[in-house]
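The chain below stands alone and is given as structure tokens, in the form predicted alone.
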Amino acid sequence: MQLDTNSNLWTSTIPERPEPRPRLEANIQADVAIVGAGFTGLWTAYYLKTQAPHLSIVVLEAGRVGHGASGRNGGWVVGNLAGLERYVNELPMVRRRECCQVVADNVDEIGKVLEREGIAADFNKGGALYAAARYPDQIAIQKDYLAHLHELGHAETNCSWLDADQLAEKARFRNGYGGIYHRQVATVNPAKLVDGLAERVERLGVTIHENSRVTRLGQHEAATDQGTIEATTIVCATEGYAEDFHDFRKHVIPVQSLVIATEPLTDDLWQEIGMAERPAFADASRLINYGHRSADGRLIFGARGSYAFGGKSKHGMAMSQEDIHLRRDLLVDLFPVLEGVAISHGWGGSLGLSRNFRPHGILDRESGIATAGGYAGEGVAAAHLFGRTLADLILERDSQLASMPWAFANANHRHLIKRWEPEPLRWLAAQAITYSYAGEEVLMKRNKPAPLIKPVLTRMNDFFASIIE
């Protein structure tokens, strides 16, 4: 099987995509203009149109629907928010539990909408395994993370500990010492989801213009080279692809994430690996990795994001052979039975990272500009939650979502998100953190006492994590 390093697996599962939708080639008016036809933009359009059918809504996409992270991610639908603690740490426990229940229920809500709307996106709620799967040191890391989840307010019925035998019943890692089982996690084919969602909002009456890159975004206006939309509300839904918009780029920067897919595995291999329920999985590494069993019997696996100097978004799919081999070797480290299995696809994209890890949904009523992002790689689920939230804020609904601590409708929203430092400080910090995290990984892999180096490096990495936040 020839390795495809220039397209993602998900796109290949859609044999016949429709012809490109027409460009915006006129000056028009609308109630709401949405920049970006990814999950955030399309879910916002969906909930606006279903709750207020009279609204005229136009979506502008620089490429094709799902060109950005929405069409090329790892397919996790996570019932949590990266950075949730920044919002709930000062709240009473009853309010924390409410927030955690909202993000947990969001997974089930996505499944219900897909079923109701007939969007066949391979949605599978198999939970997630956060495993101690390679080194004994990972046991303490995962138990600390479980305590953190409970402290945030996640229910113990949703997040529980599995011992080695219980973990092996769900997946058989090389060294399955134990791990967390998070029940409120699903997986999905993101390309099928984003294409199906686009078709559905069009049937509802939303207009989508593809190949219509917005070059200027301002109060009540979004302009392309060939046309302009004047609208009461402008929604910037670009997340990790906001490089054309200076004000948004200062707050959310792109981090590149790379994913591989194996060829379909044989039944015998799956018998050895397990994963009958198709759970998502990750292990306790600061150099984050994530994977799951796809609907057609492949292993999808991503790991170790990187930052490009200047905050450049990744528009092409291609990844190098070196990047593919690194991820393949890590996957084989987790599942040695995969030695010799072919990698059929390798692709990459950019996720959006806010300065203090605060995913956010903001509506500035004075300027008419709304935005959501900073999902830190958990955007498949978060985009749905924040699309619903933006819709409620725009419609001025007195809803539970509009009252969440990550939702804000006011011009004074600067306390929610901070500006990133200028270059080269960002790039230098990213390099230092990556090498420091890698050093900690090497020490864990050696599995030998390091009474001086290991605790010092761990404290250093904890410090790096705190200054990012």
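Just so we're clear, the structure is a prediction, and the values are computed from it rather than from any experiment. In this text, residue numbers run from 1 along the sequence as written.
We do not show the form predicted together with a small molecule, though everything after this point is about it.
Shown alone here, Gly349 lies within 4.5 Å of the small molecule in the predicted bound form, counting heavy atoms only. The small molecule is not drawn, but in the predicted bound form it has no heavy atom within 4.5 Å of Asp392.
When contacts are judged by a 4.5 Å heavy atom cut-off, His220 does not count as touching the small molecule in the predicted bound form. Looking at His67, you'd find a heavy atom of it within 4.5 angstroms of the small molecule in the predicted bound form.
The listed set Ser257, Ser294, Thr233, Thr262 contains one residue whose heavy atoms approach the small molecule in the predicted bound form to within 4.5 Å, identified as Ser257. Annotated contact segment (heavy atom within 4.5 Å of the small molecule in the predicted bound form): 74-82, selected among 162-170, 74-82, 91-99, 358-366.
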